[in-house]
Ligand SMILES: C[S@@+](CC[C@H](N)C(=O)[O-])C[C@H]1O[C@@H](n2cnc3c(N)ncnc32)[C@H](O)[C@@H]1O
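There is one chain below, alone, in structure tokens, taken in the form predicted on its own.
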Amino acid sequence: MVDNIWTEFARSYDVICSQLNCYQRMVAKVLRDTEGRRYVIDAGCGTGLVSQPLVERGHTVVGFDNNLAMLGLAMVRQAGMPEEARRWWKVLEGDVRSFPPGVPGEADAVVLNNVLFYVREPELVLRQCFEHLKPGGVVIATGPRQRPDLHKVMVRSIEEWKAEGRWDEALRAAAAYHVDVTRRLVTDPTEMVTFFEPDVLVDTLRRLGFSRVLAADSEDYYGENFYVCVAR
């Protein structure tokens, strides 16, 4: 189990990401592209913010992460679900470079939400996705195109929160902590190591055996992030 900056992130990740409109727009695209796909692997699931709406919609979800603090929050989120829903959601310890043994193959979708940027060997992760997908299954990957412009993301988010009447004292305090940790993350060359433009990631996936492109854009996080969905 890894103890790193994501342990500090766990304190504010759920509070802030659940409020970020740009994050919610990205989750909506994940939900769009997993519609009708029964079994989903949430690789590098973090606190379960993507897993939960998938389970609530009726998917079978196996999520795993290698950070104890983030994973602990995912387990708390899982425990708070109705008993019937909990049966369809498994939360495991594991590394995206080698999916844990408890993750069955033949998945309909693998989600890599903001995962590839902290992996030095992204092709190891993408090969694991290919091996765990059934023919026709999709990999959905999101992440920064470059070292992100934190100031732009937060300024635009705060503008939206103010317009919606949500910029209260609690959110200001959570945002201040989150920005401090995020600033250290985005400036640390040992934490953010891999970036993709959508077309480069699509070419990489095709070279690894993936075929049909369902989506590829750089709209998320006000142009800072890519979103790619490609079928095996």
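For every residue, the number given is its place in the sequence shown, counted from 1. Values in this document were obtained by computation on a predicted structure and should not be read as measured data.
The same protein has a further form, the form predicted in complex with the ligand, not shown here; the description that follows concerns it.
Proximity to the ligand in the predicted complex, defined as a heavy atom within 4.5 Å, holds among Q128, S157, N114, Q78 only for N114.
The three residues G44, V50 and N66 all sit with a heavy atom within 4.5 Å of the ligand in the predicted complex. Put simply, W161 is far from the ligand in the predicted complex: not one heavy atom of it is within 4.5 Å.
For the chain shown alone, W6 is a contact residue for the ligand in the predicted complex, at least one non-hydrogen atom being within 4.5 angstroms. Taking non-hydrogen atoms only, W88 never approaches the ligand to within 4.5 angstroms in the predicted complex. Although the partner is absent here, V138 sits far enough away that none of its heavy atoms falls within 4.5 Å of the ligand in the predicted complex. Comparing 58-66, 31-39, 162-170, 201-209 against the ligand in the predicted complex, the single stretch with non-hydrogen atoms within 4.5 angstroms of it is 58-66. Residues from 77-105 that approach the ligand in the predicted complex with a non-hydrogen atom closer than or equal to 4.5 Å are G94, D95, V96, R97, in the order they occur in the chain.
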